[in-house]
Every structure is written in structure tokens, then in C-alpha cells.
Ligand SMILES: NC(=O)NCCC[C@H](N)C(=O)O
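Given as C-alpha cells, the chain that follows is alone and in the form predicted alone.
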Amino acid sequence: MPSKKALVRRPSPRLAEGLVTHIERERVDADLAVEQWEAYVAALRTHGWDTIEVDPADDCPDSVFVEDTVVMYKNVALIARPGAESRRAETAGVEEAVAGLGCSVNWIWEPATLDGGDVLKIGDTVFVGRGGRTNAAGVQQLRAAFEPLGARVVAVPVSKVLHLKSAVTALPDGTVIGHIPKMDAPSLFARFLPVPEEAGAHVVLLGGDKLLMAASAPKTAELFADLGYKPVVVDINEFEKLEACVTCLSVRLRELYV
């Protein structure tokens, strides 16, 4: 049966020290960020998700962005090896959490690097962003882990944003959505819908027609509502100052054996 579990991780007190790559650094209000994170987690719970809080990693400023530490395919958890060396200590607690849920655990090994934010799954197609945080060896190792399970792995160039899912995600029907100025190769996606705002490219599928998305993309929310979806809007502006989006703050586990 399908599962609706989501890994989340409380923000580090050092959140304001988090990495920025493609944008100018802004002051982050750590207290407000905690409030926004709690509202995000509450939104998941309200829509039927069982949230599992990974042990905090207070010495890791970026640890709230739990998506980057693991990639799920079916019942297999592939523990990432983040492209930023400062983030590699984040994976131990996540590995413990997924093992506790009964997942089969695999790992990305040196010299490969892979961030979970570079992986977009649409059915059995797994798009992998090849860019600043994920290298070619990371793509190869992900392919070796998941293709025997039935996945089709497609590598996508990423140079204008931090991760693939900083540029694109997908609607429930599999249509890829993205903000074209932030994309390297829109033509790689057979079914593609451009959105008017950068933050509008990021949705978390809550189930049915409900889309979790950021308050910073009101025009895109109107577009989705006009297409028959129900946007569930959360304010994550403190995390957006660190190049994050709604997908970064959780790992959705939809195919556990339950």
C-alpha cells in the first residue's frame, strides 16, 4: 500500500551561516525560520502526512534541507554524498532514520557527489541534475542503484541554479513545471509548462489535487488554481534567502512497504 511519511529536520541554530552560491547573502532571521518550518510541517500533517523528525544536526547550518541527504526510489534509500563537503556530516542521522523505517539502504561513494535536490522522480523516470553539487560519477552511481529496480535515469545539465529542483518540479499528472530563465534544457522534458515566477517552479505533491508551494509565487498559484489544482501556500522566505524551496525541507516516502 502507498505510504505517506515525510522526513523533516529542525533548523540548526546556525542556519544563518548556510551556504549560498547563486544569490547574494541576506540576513536570515533564525527565529522566524523556525516558525516558518513549524508551519510547513503543520501543513504536511494537515494533509495526511506522518512527519518523522530526524535528529537535529545543530552544528550543520544547512541540515534543515533534509532532501539533499537521501534519494528514495521504491523502498530503497540512497544515502547522498553532498557536493559541499561541509554538508556531509548531515547524512548519518538521516541514514539512521530511514533504516529505522525498514528501508533498504545504499550509499553514494567517493569520488561521486550527489545532492538529493538534484533528483526529480516522475513515475519510474528519474531525472538527475548534473551541475555544481552532483558530478558525473554521482549520476552513474544513482543509475547503478536504481535502474535494476525499474528506473529510467535521465541526466539533465544544471548551471543557472543550485539544484535541478531549484529549476523544475512536476504536477501530479507528470507535467514538468519550470521558470525558463533558470533552466538549461527545457526541451529535455516532453510535457512542460512554463511558470511566471521562479518560486512557482517548486511544488510538493500532497496528494490528490493539492500542491504545497511558496507564498512568493502568487501568480503561479493562480495559474495552478485555474488548471484545477488546490495550492496550499506556506511562507518560507527565510529559507529562500539560502536558495531553498518547498521541496528542500522534507523527504516524502511514498512507497514504503507498510
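It should be emphasised that the depicted structure is a prediction, and the values quoted were computed from it without experimental measurement. The numbering used is simple: start at 1 and walk along the sequence shown.
Keep in mind the form predicted in complex with the ligand is missing from the figure; the text below concerns it.
- Of the heavy atoms in Leu19, some are within 4.5 Å of the ligand in the predicted complex.
- A residue is said to contact a partner when one of its heavy atoms sits within 4.5 Å of a partner heavy atom; Leu242 meets this definition for the ligand in the predicted complex.
- In the predicted complex, at least one heavy atom of Gly117 sits within 4.5 Å of a heavy atom of the ligand.
- Put simply, Ser166 is close to the ligand in the predicted complex: some heavy atom of it is within 4.5 Å.
- Contact annotation: the ligand lies within 4.5 Å of heavy atoms from the stretch 62 to 70 in the predicted complex, the single such stretch among 211 to 219, 62 to 70, 29 to 37, 225 to 233.
- For the stretch 79 to 104, the set of residues having any non-hydrogen atom within 4.5 angstroms of the ligand in the predicted complex comprises only Arg87.
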